[in-house]
Each structure stands twice: as C-alpha cells, then as structure tokens.
Ligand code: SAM
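Quick setup: one chain, the form predicted on its own, written in structure tokens, and binding and motion questions come after.
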Amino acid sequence: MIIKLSKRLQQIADWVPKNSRLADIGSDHALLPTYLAKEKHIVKAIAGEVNPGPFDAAVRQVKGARLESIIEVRRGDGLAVVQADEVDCITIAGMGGGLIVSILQAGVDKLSGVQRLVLQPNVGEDLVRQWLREEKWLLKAEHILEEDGKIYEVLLAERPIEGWQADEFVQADKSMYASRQLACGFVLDEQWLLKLGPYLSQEVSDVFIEKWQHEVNKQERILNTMAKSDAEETAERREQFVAYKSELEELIACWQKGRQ
C-alpha cells in the first residue's frame, strides 16, 4: 500500500525528526503516522482522534498497513490520549488556531518530554504564535503553501536549547519579534509580526502576498456589509476595519515593490 501525502501533510512529515515517538492529534485517517511508519522514519506513534468516524477509519488504515506494532490509535479529546513523557514530537493540523491553543493548554502537563511541535492552524496563526511565546517554545521555522485553492501555514517550534537560562530565551524571542522597518518605511511591530509570522514576513513569497490580498478582499466584504447599517457602534468599528484594510494594502504594495 503506497501512501501519497498532500503537500500540506508532506510539509508536516518533513518536519518530524527521524526516530521520533510521535503523537498526531486529530489524526483523522492516520495518514501522517502511517506514512512515517512505512518510511521507517518514526519508532512509535499515537494517532489520537475524538470523533468516531475518523477514529474507525484510522483503525482500519493502521490495520490495513499492518502497522499495529508501531501505531496505536486512541480515541480521546486532544492530549488526553497521551501520557507524560510518552512522546517527543506532537503534530496538530487542520483546525483553528484557537482550538490548537486550547488543546495544548489543556494538556500542558503532557508536554514534559516533548521536544518539537509541528502545528498547522487553518486560521488564527497569531494565537498559536502568542501561546508559543508565553509557554516558552521557540518558533524555529514557518512555511506557507497553497493547495487546492487553500493557503496553509505550518509552524515548527522547539524547546529552548538545553542549558539555556530564562533570559536567553527572552533575548531570542525579543530578537525574533523586534520591530523592523521595511524599505518603503512601513514598520512591522510585534503585533504585525505575530500576525504575519516573523519568518514568513522576511521571505515574502507569491503565496504569502496572495494570502494577505485575500484578507484585504475579506475586509472589503465586511465593510460593504457594514455600510448597510447606520448604527453608531457600527460606524466606530468600520473605522477600525478601514484602517486595517488600508495598512494591509500599503504592506502589499510595499512587498510587491520590493520584489520588482
């Protein structure tokens, strides 16, 4: 049985370290751990799934691949399927950033032996980045890609280097999110870097620009809807949306000019 991963899952797989003990949370059909096990890239995996349909599909997938000795499919919510120090890498993909944060926070006691997180939020990437900062996980890499008309961001975070003092993490984090001025004069402050991604905003790609153009279009639709209301509170909120849209348009023009 040959398993071909989507571009999105392949990127996640590429960031799982060799010989990992993996927990894939929200594993769906357990494609990711099955692929990694068949490639002899991991030594053990837990495929966690809370919903009965995908859980049953994952069980069938693992059984069909004859990988029961390596992959254990467990039914449960989030990190409830994992014991502390049982795995050293966790992948969570295909859900909102807020949900990913709530899963990590609810199971924070299960992260004691984990060295790497590979996270793919569908929305709310800034929420994930903020949680990583607060919990002292170092964001090491980001990747953006487009597949089947959708744009995805994948984030890789690791524990700080062994022996680091707390102030060393703070320095590394501060450096990553330090304000920087673009050639056009636009200043990317901490909040912009959380939203855009400190790495993605340095290596501006066509897909990255496309993502934020979609955001401009979304703001335009919101503003058109607001225009139909004359409520005072709507007028105040409209000013905020107008300002945000204007800044995004300025940013996109700046990126495009810088790539000419």
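None of these values were measured; they are calculated from a predicted model. Residue numbers run from 1 along the displayed sequence.
Keep in mind that the form predicted in complex with ligand SAM is not shown, yet the notes after this line are about it.
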Work out which of 127, 156, 99, 144 lies within 4.5 Å of ligand SAM in the predicted bound form, going by heavy atoms. 99
Though ligand SAM is not shown, can you say which of 209, 50, 231, 222 has a heavy atom within 4.5 Å of it in the predicted bound form? 50
Taking heavy atoms only, is residue 77 within 4.5 angstroms of ligand SAM in the predicted bound form? yes
Does ligand SAM come within 4.5 Å of any heavy atom of residue 188 in the predicted bound form? no
Taking heavy atoms only, is residue 107 within 4.5 angstroms of ligand SAM in the predicted bound form? no
Is residue 9 near ligand SAM? Define near as a heavy atom within 4.5 Å, in the predicted bound form. yes
Hey, of 201 to 209, 188 to 196, 38 to 46, 51 to 59, which bit sits against ligand SAM in the predicted bound form at 4.5 Å between non-hydrogen atoms? 51 to 59
Sequence order please: the residues of 86 to 106 with a heavy atom within 4.5 Å of ligand SAM in the predicted bound form. 93, 94, 95, 99, 103
